[in-house]
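Given next, in structure tokens, is a single chain: the form predicted alone.
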């Protein structure tokens, strides 16, 4: 028997997992739809049109929630990115994206044979992506290839520093050059309000197991009316099947639980300002411990936090468990989510924690520093 009791017995601060925590209602639905093809009892050939359970209502509601025209369920944000790239690009075509992009953005482009031009960040310590960098890179691509890129991709919030990049400004630049704009909202949609068309996005991808509090591998791919017929084109032989999605995607508990989670998600995005406030409070206290610094844009605009921690590295040099001391000391205090052995730097997320839990998290670090730095 493989047991996992992390969420029940610990405060989990792993940035990959905090936005994917499920609630009790979602877990009840998961048990009912745990079998492999459970949502297909009444399928007529198209996943997004199934009425029982109401997946057809879900996709329409997701489009409204994300301010897009049409949506499909995918197996994750990466599959959505590849679907867009494969639809728009041929081998040798160009893409402009941010240097903080997730590795799957690059891999998806490689799979098609496209060439990526990256907008570099400002580097240490903020690693900021500036909108004007997209204009400069589009101009560079036009100068080198005599045509603009076929696609621009922005990581709305990156998974390394938690930087929230001004998507609307980049969307306006892309519109000026008539470059289709794909927004990767894996770390924003479901946490905060994301309005795709308002931000100028032609395409929007989401990671529901990262931001919508659902189990399994599931994402959303949304687009505007301009691109519906291309992106969601049907097979010439199997008339009901979307080519880019290989017909159907999430087929069991993942999509059923998204139906249950969406009302909850709609409410929790309204509390985003408080989530940012908690993260900023935690940063202020951590930096007050001495020789610990938040990397990324300041003040942070997201719950994902990366700290540079020379103070903890020095403690590790003299501790019998070396760099692993921090992991074990936190675990003793009921806190998990940091990678074992990391004391030069680490990432964590305060998302979904109560104020009491955020304060307890800080007090745990304070206690560890006082215990070993004297």
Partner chain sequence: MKENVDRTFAIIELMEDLRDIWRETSPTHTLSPEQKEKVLSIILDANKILKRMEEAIYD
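Residue numbers count along the first chain shown, from 1. Model, not experiment: these values are computed from the prediction.
Omitted from view is the form predicted together with the partner chain, to which the following refers.
K.L.:
Looking in the model of the complex, any heavy atom of residue 318 within 4.5 Å of the partner chain?
P.N.:
Contact check for residue 318: no, nothing within 4.5 Å of the partner chain in the model of the complex.
K.L.:
Is residue 360 near the partner chain? Define near as a heavy atom within 4.5 Å, in the model of the complex.
P.N.:
Yes - in the model of the complex, heavy atoms of residue 360 and the partner chain come within 4.5 Å of each other.
K.L.:
Evaluate residue 333 for contact with the partner chain in the model of the complex, applying a 4.5 angstroms cut-off between non-hydrogen atoms, and reply yes or no.
P.N.:
Residue 333 belongs to the contact set for the partner chain.
K.L.:
Please determine whether residue 3 contacts the partner chain in the model of the complex, using a 4.5 Å cut-off between heavy atoms.
P.N.:
Judged by the heavy-atom cut-off of 4.5 Å, residue 3 is well away from the partner chain in the model of the complex.
K.L.:
Want to guess which of 42-50, 306-314, 333-341, 55-63 is within 4.5 Å of the partner chain in the model of the complex, heavy atoms only?
P.N.:
This holds for exactly one stretch, 333-341.
K.L.:
Taking the partner chain as it sits in the model of the complex, which residues of 7-38 have a non-hydrogen atom within 4.5 Å of it? Please list them.
P.N.:
Those in contact are 7, 8, 9, 10, 11, 21, 22, 23, 24, 25, 27, 28, 31, 32.
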